[in-house]
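One chain comes next, on its own, written out as structure tokens in the form predicted on its own.
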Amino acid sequence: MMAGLGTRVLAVLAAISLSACGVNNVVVQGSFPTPNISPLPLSVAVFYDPALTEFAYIEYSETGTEEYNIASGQSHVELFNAVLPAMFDEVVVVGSLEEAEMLGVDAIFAPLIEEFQLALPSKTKLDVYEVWIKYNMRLMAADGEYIADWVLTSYGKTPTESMRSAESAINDAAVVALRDLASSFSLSFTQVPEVRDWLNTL
């Protein structure tokens, strides 16, 4: 009887130990305002690749264990869903590139995330949490041929605050980075050389 009790106590202690050492999960959440711009007279199909919608980044501690698991895929979808209707007259979200090619739209937009970086105060010795995100913006014609393929980088930071958790600060820094992308993407879209040349042919 005592042996059984001892086994159960050890099991509980082991579970508590594993829980204490577990990864901290951060699901990025925020609001993304619609940019105040004049939409282009274009119909655009948008394809969100699972690599984007399910994107997650893992930050490892100095000992090599998983420290933070940052899931930001859905927040990117919400961001583009807020920005794209302000940029184009018609926006249709599709489930595949093949579906997009059958719609006869002017263009197909399919963004991806190339890189996500996180800087923690405990490692940088600075009083801020920082997030960098590198995007691969892909714009294709209705037949799937590339019009433009370019890279945009966004940045966000939040200061450390004694009453805020690390998870909250990471979330806020990521949201700032996403808003930075919304601004730079909507304002620079027509300035991308390949995009500009394509627009001149329409």
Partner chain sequence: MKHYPETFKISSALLFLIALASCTTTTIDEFRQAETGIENNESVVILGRRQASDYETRSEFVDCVGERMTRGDGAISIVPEQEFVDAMFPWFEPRTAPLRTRDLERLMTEDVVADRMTEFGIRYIVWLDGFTETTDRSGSISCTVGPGGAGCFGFGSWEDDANFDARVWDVGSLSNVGTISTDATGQSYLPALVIPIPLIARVEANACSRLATQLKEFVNGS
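Numbering follows the first chain given and starts at 1. These numbers come from a predicted model, not from an experiment.
Just so you know, the form predicted together with the partner chain exists too; it's not on screen, but the next bit is about it.
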{"property": "Close approach of residue 62 to the partner chain in the predicted complex, 4.5 Å, heavy atom", "result": "no"}
{"property": "Distance check, residue 150 to the partner chain in the predicted complex, heavy atom within 4.5 Å", "result": "no"}
{"property": "Distance check, residue 126 to the partner chain in the predicted complex, heavy atom within 4.5 Å", "result": "yes"}
{"property": "Residue contact check: residue 54 to the partner chain in the predicted complex, 4.5 Å heavy atom", "result": "no"}
{"property": "Listed residue (33, 41, 50, 144) with a non-hydrogen atom within 4.5 angstroms of the partner chain in the predicted complex", "result": "33"}
{"property": "Segment assignment from 41-49, 65-73, 152-160, 22-30: heavy atom within 4.5 Å of the partner chain in the predicted complex", "result": "152-160"}
{"property": "Full three-residue contact with the partner chain in the predicted complex, heavy atom 4.5 Å, for 180, 184 and 187", "result": "yes"}
